[in-house]
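Single chain ahead, by itself, as structure tokens, in the form predicted alone.
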Amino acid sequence: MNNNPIGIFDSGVGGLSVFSQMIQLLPNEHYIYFGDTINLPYGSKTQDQLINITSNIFNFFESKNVKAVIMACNTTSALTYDILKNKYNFKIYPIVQRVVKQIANKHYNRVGVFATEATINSHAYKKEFLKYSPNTEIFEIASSKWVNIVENGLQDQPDSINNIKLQLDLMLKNNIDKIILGCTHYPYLINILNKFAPEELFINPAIYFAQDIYKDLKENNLLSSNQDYNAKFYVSSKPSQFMSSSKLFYDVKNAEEITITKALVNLSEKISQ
């Protein structure tokens, strides 16, 4: 079981922010990454739709005999984890719940959250903070356009920059101590955000998340004894676009590129069957 792969999924390339942190901490694990590009973006989906989507992805990972699944998506963590968490034999790590537990220990007074519309409407971050730091005030702003900005490489376009600045200005009016980038796509807008606010204001949940997963796998004796790193990347549609966008998130070495491309194409065919 220890040497079985770890599954990671998101609606697109955003979950690679978590994957890149994982391979730094756990370079000997085998990984299966699934980018559900056909259903992008998740933030506009209903809870029932997301439960169906997540169940299908979990079933796919189950067929791959994974030992754990990382829900790198804030939206599915917020809306599907509690419903599906006891239906599978592998460990499941939801990003919202695991990250808030760590951040709440720092007892910030006023915390902002940028996330998709679905995540914000669920108030998942606010509910989790109430468990551990009830005196922390949470300010939530939906910024769903940011996912498409990142997925389509539009972060340097004037309209995108204006949208990011507008949302940030609204948040800063609340005299915020820290801002959680509550979608795995958002840390890749940090260079834009830094033009209008100091970098130390922002929290990249992927860093906390990877550290927490590493600690939990170690405590449960689930760390791999593999001597090498292995990763397979799968998508549900548009493998070439995923490959292009992924270069913003994970530095694919030339030696790996052919293998990854084949994996993407193979999975695209499997999902359509």
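One rule holds for the numbers: they count along the sequence shown, beginning at 1. Because the structure is a prediction, the values reported are computed rather than measured.
What follows is about the form predicted together with D-glutamic acid (DGL), which we do not show.
The partner is not drawn, yet in the predicted complex one stretch among 81-89, 99-107, 176-184, 195-203 has residues with heavy atoms inside 4.5 Å of D-glutamic acid (DGL): 176-184.
When contacts are judged by a 4.5 Å heavy atom cut-off, Y42 counts as touching D-glutamic acid (DGL) in the predicted complex. Taking the partner from the other structure, D-glutamic acid (DGL) in the predicted complex has a heavy atom within 4.5 Å of a heavy atom of V147. Scanning 1-24 for heavy atoms within 4.5 Å of D-glutamic acid (DGL) in the predicted complex gives D10, S11 in sequence order.
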